[in-house]
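Next up: a single chain in structure tokens, the form predicted alone.
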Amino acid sequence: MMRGLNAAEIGNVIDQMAADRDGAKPIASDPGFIDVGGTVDPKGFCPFDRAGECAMTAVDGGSAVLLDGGSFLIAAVRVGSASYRDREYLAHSEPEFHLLHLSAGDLEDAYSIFFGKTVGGEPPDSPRGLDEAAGRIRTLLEWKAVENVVRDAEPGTITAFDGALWAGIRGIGPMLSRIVESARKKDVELCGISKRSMLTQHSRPLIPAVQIAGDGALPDRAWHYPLQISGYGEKLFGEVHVAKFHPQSRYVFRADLSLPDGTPPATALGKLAYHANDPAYVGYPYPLARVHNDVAFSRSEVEDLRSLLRSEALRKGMDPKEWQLTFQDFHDVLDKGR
């Protein structure tokens, strides 16, 4: 037993989980949560087959806080894409890379610049803190990358990204409308894949309930389950499904689809399934895994960037002691003894 842990509390939290399952209280209004009413209908699951050879482009972004000075931080953001045709990797441009200096004093101006370059115009609000600002800027750059990929895509390509077709940032709706309309005109199938989802049913996580029912209704098949979501017209820009892309996968995903007129969901999902049988990522489209690995910051990259920033600061005359005192964190000392 861990030191200080009250054994009774283990039972208490499990009892609370069970109580939530049996009679959950409504979740307070939050723009990230979507509560889906009703119950999971075993007859609502639709099997689909893998498509044949097809082209796919995936978009994702990564970010890391490099230095935290309390009243300011320096963050790295990297956004890229990975294109495949018939599961063959195609050459592509280098990821877009930004080092951000975000301070409490000029946060609104910094955010306004990125909002104007991506969405256009002035933002209707500002981030509530430095970490939120870095996250929002990364999201804006990801959507801009999706817009550029759709603009250059060939008809029939499926374009996927990590996340939902959801306007989670105030003022981003016009940009999503642009992207969706452009994709439809170009006959490009647009799909957001969410590894984690804030979909709920009676305030309980929805995805596990759907997966249990789907695996019982259609064992050894790829399947999708369309969700009926209403009341989010200004936030949601596609149809929402829960999808299992490989019969042997232990994972299912939220899939937001915006498709050209006349294209059934099974067509787009079958193309995603075509790319979802890599042994290392069974059930997850490999192009999304590839671009994630391309843009995510490893621990060694973060350390290298910190070293480069320190070297440049000292070269330009910053006192080494000032650098140390600005960025030191006693948690590092405490954690070394753990």
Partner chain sequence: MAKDEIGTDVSLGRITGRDVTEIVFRAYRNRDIFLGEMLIGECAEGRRRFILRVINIMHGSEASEAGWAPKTAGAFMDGDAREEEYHVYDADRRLYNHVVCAPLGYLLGEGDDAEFRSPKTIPTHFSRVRRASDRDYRFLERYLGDVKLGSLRSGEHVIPSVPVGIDSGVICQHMGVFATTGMGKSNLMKRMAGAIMESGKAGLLILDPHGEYIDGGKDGLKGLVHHPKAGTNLDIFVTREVAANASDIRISTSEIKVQDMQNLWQFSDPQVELLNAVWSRERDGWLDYLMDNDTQTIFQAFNEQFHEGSIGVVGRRAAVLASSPFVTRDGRISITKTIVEKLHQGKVVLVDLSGASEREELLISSVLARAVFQENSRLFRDKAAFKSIPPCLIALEEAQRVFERAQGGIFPQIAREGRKFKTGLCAISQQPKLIDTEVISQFNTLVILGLADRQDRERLAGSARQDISRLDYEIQTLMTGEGLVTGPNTPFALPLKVDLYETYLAGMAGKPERKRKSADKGFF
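Residue numbers count along the first chain shown, from 1. Note that the structure is predicted; figures quoted are calculated from it, not measured.
Not pictured, yet referred to below: the form predicted in complex with its partner chain.
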Answer option from Arg204, Lys235, His246, Lys186, heavy atom within 4.5 Å of its partner chain in the predicted bound form: His246
Partner-contacting position among Asp68, Asp35, Asp278, Glu301 - heavy atom within 4.5 Å of its partner chain in the predicted bound form: Asp278
Residue contact check: Val40 to its partner chain in the predicted bound form, 4.5 Å heavy atom: no
4.5 Å heavy atom contact, Arg87 to its partner chain in the predicted bound form: yes
Contact flag, Phe48 vs its partner chain in the predicted bound form, heavy atom cut 4.5 Å: no
Heavy atom of Glu94 within 4.5 Å of its partner chain in the predicted bound form: no
Which of 301 to 309, 40 to 48, 278 to 286, 60 to 68 sits within 4.5 Å of its partner chain in the predicted bound form, heavy atom basis: 278 to 286
Its partner chain in the predicted bound form reached by all of Phe115, Asp131 and Glu181, non-hydrogen atom within 4.5 Å: no
